[in-house]
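What follows is one chain in structure tokens, specifically the form predicted alone.
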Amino acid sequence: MNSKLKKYYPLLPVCVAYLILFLVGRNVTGIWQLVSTLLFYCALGQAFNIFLGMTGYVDFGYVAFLGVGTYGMATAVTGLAGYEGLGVGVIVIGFALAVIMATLLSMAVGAVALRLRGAYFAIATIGVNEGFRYLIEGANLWNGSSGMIFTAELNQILGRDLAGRVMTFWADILVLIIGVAAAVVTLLYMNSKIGYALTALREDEDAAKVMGIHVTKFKIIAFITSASFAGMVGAASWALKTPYVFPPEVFEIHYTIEAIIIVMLGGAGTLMGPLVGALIYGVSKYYLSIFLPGFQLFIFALVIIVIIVLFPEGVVGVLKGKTRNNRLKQLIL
């Protein structure tokens, strides 16, 4: 029994870190906005790491799944505004729709793109993100380029007071829960046949095929799982926190770049890596923009280069190597 529980020890520092973030945000005046941003980056990194970290494939179109998740929640809220008595049930329906839409898109993309490798896969995923955005605008889906504003509908369904609390507090708590859930799923995958298969294909895909591993199947599993969490992050952090959807914003590729930076800084394929990377990235970006406005991007680029040079396997990757022969190895994964 004890040996089975040991597999879940690495979740302890992850949960403690999220708890500390929450307590700091609630008890330190004027810092909740920063904590909210950090929670978004943590959840984004945890979700993205399920695919990038386990397969080594870089999906430059990842933000498309956040975008369709946002549209899923927006569609649920606007479509059900006329039905009385739903209350918070509409949020549950919105999350379900966000997951379904992100899953369907990932299945369609993965069926084709995951048969490609390297730069070909990256280019294909960029095309999917931009193509889906222009499809929405050109075909006038979900109000096209005008976007969707649904603050009034959210107020109508939840009531003004509850809707205000959802936008200012509960949306961030939902993002925190999504981040923890993504970490749990990551650990479950790591300790299962799926994780072993993904590790094998990440190290040498051709050798994995020779050993009889159905690499496309396992890549699709990781791809769909990662996309589903992205859809939920978009539904919570964008649709509920700022109740409007504008295509150029929700399909902005720089969110994908940020996800890549976060995972690489912390350590791709590790459990704690996305969390550590998100904290480094989020805190640095926030304070550099305050103290050195206009120069933050240049300085942050140098900071990233230094960290990557000093920690080529990510911060957590280096810590794993240093704690391999002591008791801390059970907590750092």
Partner chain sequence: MSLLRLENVTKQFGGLVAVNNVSFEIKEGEFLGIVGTNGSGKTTLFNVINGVFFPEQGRVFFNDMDITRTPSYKRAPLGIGRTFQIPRPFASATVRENIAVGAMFGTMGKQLNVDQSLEVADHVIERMGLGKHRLKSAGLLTPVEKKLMEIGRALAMRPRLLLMDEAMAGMHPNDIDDMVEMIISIGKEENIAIVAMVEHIMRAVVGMAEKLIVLDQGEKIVDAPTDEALADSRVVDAYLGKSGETKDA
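Residue numbers count along the first chain shown, from 1. Predicted model, so just to flag it, every value in this text is computed and none were measured.
This protein has a second form, the form predicted in complex with its partner chain, left out of what is shown; the following refers to that one.
In the predicted complex, at least one heavy atom of N191 sits within 4.5 Å of its partner chain. Using a 4.5 angstroms limit between non-hydrogen atoms, Y196 touches its partner chain in the predicted complex.
Contact annotation for R202: at least one heavy atom lies within 4.5 Å of its partner chain in the predicted complex. In the predicted complex, its partner chain sits beyond 4.5 Å of every heavy atom of F223. Only one listed stretch (132-140, 173-181, 242-250, 214-222) carries heavy atoms within 4.5 Å of its partner chain in the predicted complex, and that stretch is 214-222. Of the listed positions (A124, A208, L97, M167), a single one reaches within 4.5 angstroms of its partner chain by any non-hydrogen atom in the predicted complex, namely A208.
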